[in-house]
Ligand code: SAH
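The chain below stands alone and is given as structure tokens, in the form predicted on its own.
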């Protein structure tokens, strides 16, 4: 049993975890399969943030069951956040799954495979993770994710993450700079530093501002990003690093969640809208042309129409470049699960639709402001529609399409923006 296929659900952290798991498997003599049909073992790396994400996993497991009946030797592993949250309940619903590994145990999968230690096993204990020396496998040769810390201590009332990722723990600064340099030697030009609450990083001697300066000054990486941030840890020192280190990309993802202070308190977000707005003003004053994205939730427990309107007014006032927008979904095990989910689904959908339409208009208007500007772009591939059209990311994390030869893939080029819609920029190569 030496071929595997990893199917990843969820966030950038899950993608990074899948890359680490692939690296471990490859080091043990396994090789990736093109499809689930071709694989000896299919691995679902799962997300538990919303019920819909878990439903998608169970749907995929149903498909794999049919495949497994046709290929009796095939094994199925479920790993990651959903495994951590549900554990044995996955086997109760899908008894044909061979092994379930939690967030700290997934990298042990090759050992279980080599030992033949299958048979409806569940391992979800914390404290077993070890990623020293790993260079994660990645789809993009020139841009990579690197996890610098894990876990979360915030316990926002709606969020399952602290329960499936445990408490915050940060990797040593020296280990991180070493890994960045390893990735640079492997061709990486842009790194995104990841954490559930990345700017609360602290290895006991260094905070996140220290780490960013070290990565900027002590490695040969060309471009640096990070996500996801919590407003409580967006310090003046961190803003200064973003303003003064040329390798820092002009993009910040800062979840607001709601424009209502009462709802923010119920969410356990420990800041006010006024504090959040002040951070936005500070960041825009310090970093020219910074693009700011956010997360927003509508229909949280007891949210009134007026409080929803506060969120709309906040979005109109701040004018985010983009946003991830969701309607509230109760998660068993969180504090908010004990609150009445008293906003009807059709009302949540109505509010979400209004918010999406507002943000789409603002995103279009923000992108129109890019017209005529020259932007540095890491060319990371070709457009899905044409091999003659290249694509890449600006410093503001916006996708730009432009015509050029494939030989430019992997280069950092200057592109003048000529047109834009709400989601994509189009431009012309300048150099």
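Bear in mind the structure is a predicted one, so any value in this text is a computation, not a measurement. Positions refer to the first chain, counted from 1.
Keep in mind that the form predicted in complex with ligand SAH is missing from the display, and what follows is about it.
Figure note: of the listed segments 47 to 55, 399 to 407, 378 to 386, 25 to 33, the one touching ligand SAH in the model of the complex, with heavy atoms no more than 4.5 Å away, is 47 to 55. Taking the partner from elsewhere, no residue among 126, 171 and 202 has a non-hydrogen atom within 4.5 angstroms of ligand SAH in the model of the complex. When ligand SAH is considered in the model of the complex, residue 269 lines it closely, a heavy atom lying within 4.5 Å. In the model of the complex, at least one heavy atom of residue 329 sits within 4.5 Å of ligand SAH. Heavy atoms of residue 158 reach within 4.5 Å of ligand SAH in the model of the complex, making it an interface residue. Looking at residue 293, you'd find every heavy atom of it more than 4.5 angstroms from ligand SAH in the model of the complex. Note on contacts: among 147, 228, 322, 219, the single residue with a heavy atom within 4.5 Å of ligand SAH in the model of the complex is 228. Put simply, of 196, 359, 179, 192 only one has a heavy atom within 4.5 Å of ligand SAH in the model of the complex, and it is 196. Residues from 233 to 259 that approach ligand SAH in the model of the complex with a non-hydrogen atom closer than or equal to 4.5 Å are 255, 257, in the order they occur in the chain.
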